[in-house]
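Taking the form predicted alone, here's one chain by itself in structure tokens.
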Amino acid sequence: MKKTVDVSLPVGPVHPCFKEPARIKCQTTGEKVLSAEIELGYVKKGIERIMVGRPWQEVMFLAERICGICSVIHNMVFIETVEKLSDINVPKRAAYLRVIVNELDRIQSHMLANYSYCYTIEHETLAMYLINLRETAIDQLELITGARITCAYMIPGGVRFDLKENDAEKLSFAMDKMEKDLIRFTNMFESGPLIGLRSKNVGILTREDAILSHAVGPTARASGINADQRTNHPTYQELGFSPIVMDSCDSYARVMVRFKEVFQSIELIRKCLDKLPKGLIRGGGVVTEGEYTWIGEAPRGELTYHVKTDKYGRVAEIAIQTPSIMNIEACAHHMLKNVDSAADVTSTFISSDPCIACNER
């Protein structure tokens, strides 16, 4: 029988291009990748088990520690799930402030993802520009919440801090500056010949394969799937939100969707600042016994929380489904299959913006 596999090529688990440990095991013939497997399990935390039996005041801090890159959406979806099962309403001002903080978190997460991609294809200049621009978004998170990463901003019935008038002006100025810089950096990505060679028609995930592998978030939207859980959120519906979709299905499209979503996040923040009503930021309410499932849109896609509480308001059961596991499956079985060069393995993996911390909660 003719031998088809020349080399079994391991990448990782510790690799300079990976933010977190994961191993990619590739079967190659020459430079061509025939198939790939992705091995996880190096940083399992067991957070879901630790949450059981604790009150929401402790669980909300554990939830945002599932992911150090998109901690705000974990805080938001857990609190909204608790609010749904306890029939707690949120004042309009607090609802808009939640969107502002959530979109700032999306901006910094997308900037980190695109920085990682540019660093992986060795376009270090653009990578440094993007990681520096990410600091502007994190500075605004600190301005509003008092913290840069684990903000613990949302609580049942509202948010912890109001937005001062002079802070709103600083936020608006920062959005103008960020948009101006982002236009320049996006043009660099779109017109860069090196970037085009390394990203266009590389790591193809067709629409059919994206559906088959249940891909979500920018990874799915770059393959022509019009799906974003923000369309089901009542506050986003008031802001006239619609998802950004591309159909070239390659690494280039996945990065460009994130660039376009950053522009969209800036517009959403501006809309919230324009519409921000005066009034309370906390409506009050008590967490009661109940059970509910709620889905939010994390920077990487659908984030699902199923929470059951007892009569004392403690978490009796909790199950969390994060978006990266589906995108990693799509990457292993479709994007990496038949990649022409082993050099494109890491960049294709990074283009799906995998979050190992979320998977190994």
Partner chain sequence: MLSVFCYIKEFLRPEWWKKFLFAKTPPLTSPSYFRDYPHLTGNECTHELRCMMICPSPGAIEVLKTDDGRWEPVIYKGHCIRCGLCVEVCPDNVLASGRILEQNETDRTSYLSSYRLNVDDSLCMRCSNCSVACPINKVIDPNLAYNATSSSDDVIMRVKNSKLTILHPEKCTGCKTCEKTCPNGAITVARIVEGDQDEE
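Residue numbers count along the first chain shown, from 1. Everything numeric here is computed off the predicted structure, so don't read it as measured data.
The same protein also exists as the form predicted together with its partner chain; that form is not shown, yet it is the one meant from here on.
Tell me the stretch among 223-231, 136-144, 112-120, 237-245 that has any heavy atom within 4.5 angstroms of its partner chain in the predicted bound form. Contact-bearing stretch, as computed: 136-144.
Answer yes or no: in the predicted bound form, does its partner chain come within 4.5 Å of a heavy atom in every one of R65, T125 and S191? All of them do, each having a heavy atom within 4.5 Å of the partner.
Which of these residues, K200, K275, K164, R207, gets a heavy atom within 4.5 Å of its partner chain in the predicted bound form? Going through each option in turn, the one that passes is K164.
Just one of K84, R160, R270, H214 has a heavy atom within 4.5 Å of its partner chain in the predicted bound form. Which one? So the residue touching its partner chain in the predicted bound form, by this definition, is R160.
Using 4.5 Å between non-hydrogen atoms, is K44 touching its partner chain in the predicted bound form? Outside the cut-off, so no.
If we define contact as a non-hydrogen atom of the residue within 4.5 angstroms of the partner, is G290 a contact of its partner chain in the predicted bound form? No, no contact at 4.5 Å.
Find out whether any non-hydrogen atom of E58 is located within 4.5 angstroms of its partner chain in the predicted bound form, and reply yes or no. Contact with its partner chain, yes.
Any chance C151 has a heavy atom within 4.5 Å of its partner chain in the predicted bound form? Because a heavy atom of C151 falls inside 4.5 Å of its partner chain in the predicted bound form, the answer is yes.
At a 4.5 angstroms cut-off on non-hydrogen atoms, which residues of 272-296 are near its partner chain in the predicted bound form? List them in order. Those in contact are L280, I281, R282, G283, G284, G285, V286.
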